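Taking the form predicted alone, here's one chain by itself in structure tokens.
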């Protein structure tokens, strides 16, 4: 049971499972989904991997750059996949002219949201395992060498991706196909502020201000601190988790508002 309004929201697991099964059955026949899960992550890993190999050779064999770049890439994948696949799932229903049918049925937007999060998590797991194996086989990099701190890092980053996913889905509900490009590009907009591959101190002052409002920046700062000193920044992790909770609640409320607005304006009819 989830409280988002005056009335409790009850999730029917059978309807959630039905939507998950519908999309899972289409994945093996979708070249776009396979490319998102395996092709693009492979290209990114190879590019940054060979950059780290070059830097490592110039730094006398130091593994710092390998851990920083490849660790940042793998962790950033958690944000990208969590957000992107929530938006693509909604767009897939729109492209199939199925949104009106879907919400005419007993399926609620929160059951749909739970299903999209589950689908994004499944695809994320596949992409992450694939990238981990490539990084280990080609560059001898093991993300699990970070130890147990990988768990809270992963949770915070996935929650950040879900928050963005709710925002994207809310925009799609309100403005339709005009904003579908944000399903692929919104994470790119916040990536420079997240300090994935460099410290926040390297940013201009105004960008640092924005960066401190993003939970992702605290995680990547914490990753670099862990690599250098093997200590976990509990304060930064707590701030990141608190920001995640705030943005997740705001994102869900925005999606709920956008859905009601789409019903009143007839935008849902335009998807069909």
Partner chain sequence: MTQTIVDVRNLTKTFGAFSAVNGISFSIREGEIVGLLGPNGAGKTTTLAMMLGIITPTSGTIRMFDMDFAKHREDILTQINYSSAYVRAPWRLTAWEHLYVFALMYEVPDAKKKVEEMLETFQLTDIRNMLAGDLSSGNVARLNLAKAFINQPKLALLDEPTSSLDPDIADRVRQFIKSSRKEYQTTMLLTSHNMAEIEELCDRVIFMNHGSIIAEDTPEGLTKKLKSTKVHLMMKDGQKRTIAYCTTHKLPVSANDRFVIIEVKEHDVAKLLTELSDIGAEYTEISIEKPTLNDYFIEEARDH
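Positions refer to the first chain, counted from 1. Keep in mind the model is a prediction, meaning the values are calculated, not measured.
The following text describes the form predicted in complex with the partner chain, which does not appear among the structures shown.
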Would you please decide whether residue 147 lies within 4.5 angstroms of the partner chain in the predicted bound form, comparing each non-hydrogen atom pair?
-> no
Would you check, heavy atoms only and a 4.5 Å threshold, whether residue 104 touches the partner chain in the predicted bound form?
-> yes
Does residue 57 make contact with the partner chain in the predicted bound form, using a 4.5 Å heavy atom cut-off?
-> no
Using heavy atoms and a 4.5 Å limit, would one call residue 178 a contact residue for the partner chain in the predicted bound form?
-> no
State the residue from 134, 155, 100, 118 whose non-hydrogen atoms include one within 4.5 Å of the partner chain in the predicted bound form.
-> 100
Partner contact check in the predicted bound form: of 136-144, 107-115, 198-206, 78-86, the stretch with a heavy atom within 4.5 Å of the partner chain is 107-115
For the spot marked by 185, 239 and 256, is every residue within 4.5 Å of the partner chain in the predicted bound form through some heavy atom?
-> no
Members of 26-43 lying within 4.5 angstroms of the partner chain, judged by heavy atom, in the predicted bound form = 26, 29, 30, 32
